[in-house]
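Taking the form predicted on its own, here's one chain by itself in structure tokens.
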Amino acid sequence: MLGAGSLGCLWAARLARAGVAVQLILRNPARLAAYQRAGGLTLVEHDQARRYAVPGQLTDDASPIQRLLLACKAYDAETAIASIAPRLAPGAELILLQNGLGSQEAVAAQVPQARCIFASSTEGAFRDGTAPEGEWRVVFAGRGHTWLGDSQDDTPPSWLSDLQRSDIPHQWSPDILSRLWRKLALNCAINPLTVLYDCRNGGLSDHATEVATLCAELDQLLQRCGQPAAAANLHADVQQVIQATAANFSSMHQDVALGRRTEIAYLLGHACATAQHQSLVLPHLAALHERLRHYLDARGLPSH
């Protein structure tokens, strides 16, 4: 497990709970020492906390890796895989749990000897930094679903049974790219506007016309990219998500509020770059991208 963020830790704790052998890979000795002082990962579920002594190691550990879950941010994925690539065994399997699109293909190009399985998840978790365990205490905030697939090979891997007994809801998807494009479109229609208007998801009800216009352009993009299934009923789905998560702040809004880098390049940036590559003019999507870039620049945050 490389990428000890909230989702990575959530997966690691549930796998360990089910008796599946799992190890966390940490980027430097100081971080490994901090993790070891915490005594493992603490998972809070249904207000009950339980600690799991998942072993930790460094990226330069000598042991070969047969299966790796890469759970870092999209903008860290290429650097992360480069740090671990020499340890990948022949025929290793990588599960790529990144938002947006673009990073998956870049990682796969770096490790042609490995099988890369793309994942898309709707699960929610956050780290409880106020607790004594700090960032090693993860709260399971929203039960969701994870879709996994391989755009090069439809054969499901044997280890899906490990996810089943770890109570990780999942489904093997023969068309994982459609799932990833759909999630990207949903994020592009919601997240940037919540940042620019500094509102919860429900606040976008006051900007219904703008949301509808963006959905229409995203529909055009998905159709042009050969993803009609990802485009189906997009506007209705976006409206449903806005209503169902009205009280929530989007992940991009949370990143900006905390002064953290966003994944703009792999969401809105990827959508606009793909439109340009397809010679498709989407003026409202392009204008939104520019507005968001200027907004991030003004706050000293990366805009690419």
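Please read these numbers as outputs of a predicted model, since none were measured by experiment. Don't overthink the numbering: it's just position in the shown sequence, from 1.
From this point on, the text means the form predicted in complex with a small molecule, which you will not see here.
*Asks:* Of the listed stretches (106-114, 149-157, 180-188, 211-219), which one has a non-hydrogen atom within 4.5 Å of the small molecule in the model of the complex?
*Replies:* Of the options given, it is 180-188.
*Asks:* Among Gln23, Gln66 and Leu68, does every residue place a heavy atom within 4.5 Å of the small molecule in the model of the complex?
*Replies:* Verified in the model of the complex; spot residues all out of contact, no.
*Asks:* Although the partner isn't part of this model, could you tell me whether Ser251 comes within 4.5 Å of the small molecule in the model of the complex, counting any heavy atom of the residue?
*Replies:* Output for Ser251 is yes: heavy atoms within 4.5 Å of the small molecule.
*Asks:* Just checking whether Asn201 would be counted as a contact of the small molecule in the model of the complex - the rule being heavy atoms within 4.5 angstroms.
*Replies:* Residue-level check for Asn201: yes, a contact with the small molecule.
*Asks:* How about Ala265 - does it come within 4.5 Å of the small molecule in the model of the complex, if we only consider non-hydrogen atoms?
*Replies:* Output for Ala265 is no: heavy atoms all beyond 4.5 Å of the small molecule.
*Asks:* Check Ala38 for me: does it contact the small molecule in the model of the complex (non-hydrogen atoms, 4.5 angstroms)?
*Replies:* Ala38: no, not in contact with the small molecule in the model of the complex.
*Asks:* Which residue, Leu43, Val54, Cys272, Val241, is the contact with the small molecule in the model of the complex, using a 4.5 Å heavy atom cutoff?
*Replies:* Answer to the contact question: Val241.
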